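This document opens with one chain alone, in structure tokens, the form predicted alone.
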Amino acid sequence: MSSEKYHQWTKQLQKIADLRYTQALLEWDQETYMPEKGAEFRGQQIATLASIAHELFTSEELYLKTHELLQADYLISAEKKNVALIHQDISKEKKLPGTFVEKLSRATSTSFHAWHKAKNSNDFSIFREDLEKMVAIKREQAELIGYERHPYNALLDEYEPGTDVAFLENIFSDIKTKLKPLLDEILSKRVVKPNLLHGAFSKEKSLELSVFILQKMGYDMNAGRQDEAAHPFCTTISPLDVRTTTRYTPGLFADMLLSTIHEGGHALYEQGLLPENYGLPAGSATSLGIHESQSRFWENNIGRSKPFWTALYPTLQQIFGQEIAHLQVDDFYYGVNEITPSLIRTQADELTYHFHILIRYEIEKALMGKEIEVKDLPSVWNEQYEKYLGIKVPSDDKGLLQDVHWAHGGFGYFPTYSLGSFYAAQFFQTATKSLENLSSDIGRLEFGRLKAWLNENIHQYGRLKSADEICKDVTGESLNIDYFIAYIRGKHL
């Protein structure tokens, strides 16, 4: 009877997961293939699914079953953890009325389409009203959930459980006091060379290369697919249906390639979750910081390494032929590792990238704390870019319209990008010690041992371990930015 109760409880959660992943499928289609005129009804469909899933998840029936299992003494350790996490999730989600969940879902669909039009038109005014509504909704969400010290904490917990403003202030203080001097030192000593990757690489061949690299990484194309989107992303429909997207921009070869590797890292994490845990906390990622650690691990520590490009070069010659006859391995290696302040976050180098995140973090925190309003964003954004990166923003599409996250209501998401890079450097240091001759594997584009190591040490646990527990178990200590600093210094100085 005891195992039957847990089994029935699991089946109930899997039905809710069916609804949520179906919603994810509609959202994936919305950003890839959906015709423009389908936007209004798609927003309605997504809102309906979100509302039904919320009602089922916060139902008194599921709450009582969860509470009963929480008191049970016959569950094994993993089952107890699943129950405790679901009890915690239900308690939090119960604070959000169904009407609010539906309102947020509708606003997300409407806001996304307004953002897309605004970006294509290079006109923030098209998006401003919808963004104002979204900011108001996220402020309301923070009040409904409740928080200590700062409303931004309520939103951070959605993406990085256990993280708060106080923790992030220390992280971003290190970016200002440790990374800024390092950046200045690198810029003062670098020898500026022309970046030869800014030429024209054909779209068809670039896409062929991107699929080749995903397969080399170990991405299972029979359990996923790659498509194009305005903003690259990865979506999970189930553990056996994990989809990636990429973006082709003429003249920006490195942007497409690195975003492909980045989203591939996300996909490997999702494909590394155990299918038998579908619908349970054990079957979902522990935090976005750890999720980003996997994408940045592959993008930076692997995809920007010299052994990787040395090994990839013959394939580049085979695919592109005369298009790259004038390019050598070092041209590619320099092209993906050039350190220079830039406008676009997704095209930034691995060091200045964190100043892009710092700017977004400070703006989000100020918006949620009502220190600034949406109408102030263009001037605040532009001032911050000149302050931290010393560059002037020429237009909205290269400024505050470049990211889709706020249109999705993703306030609290951006800090996880920096956390992920710092976790990645720390994990890579341990992987290098644990896997003898890892550099040789990379130099042959053989990633089987590395993927298995990540599956075993990080992916398989889902939410059964917190981000900090994973970091300590893998590396022996909590997150430490000094590993990232040592990695950058070792490569660039």
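Sequential numbering from 1, following the sequence displayed. Since the model is a prediction, treat every value here as computed from it, not as a measurement.
There is another form of the same protein, the form predicted in complex with a further copy of the same chain; it is not shown, and what comes next is about it.
Proximity to a further copy of the same chain in the model of the complex, defined as a heavy atom within 4.5 Å, holds among Ala72, Val329, Leu96, Leu240 only for Leu240. None of Ala166, Ala136, Met221, Ala325 but one reaches within 4.5 angstroms of a further copy of the same chain in the model of the complex through a heavy atom, and that residue is Met221. No member of the trio Glu158, Pro181 and Val374 reaches a further copy of the same chain in the model of the complex with any non-hydrogen atom inside 4.5 Å. Residues of just one listed stretch (272 to 280, 361 to 369, 139 to 147, 119 to 127) have heavy atoms within 4.5 Å of a further copy of the same chain in the model of the complex: 272 to 280. Contact annotation: Lys65 falls outside 4.5 Å of a further copy of the same chain in the model of the complex, judged by heavy atom distances.
Interface membership of Val474, defined by any non-hydrogen atom within 4.5 Å of a further copy of the same chain in the model of the complex, is ruled out. In the model of the complex, a further copy of the same chain lies within 4.5 Å of some heavy atom of Gly38. In the model of the complex, at least one heavy atom of Arg42 sits within 4.5 Å of a further copy of the same chain.
Annotation for 12 to 43: interface residues with a further copy of the same chain in the model of the complex are Gln14, Lys15, Asp18, Leu19, Tyr21, Thr22, Leu25, Leu26, Trp28, Asp29, Tyr33, Met34, Pro35, Glu36, Lys37, Gly38, Glu40, Phe41, Arg42 [heavy atom within 4.5 Å].
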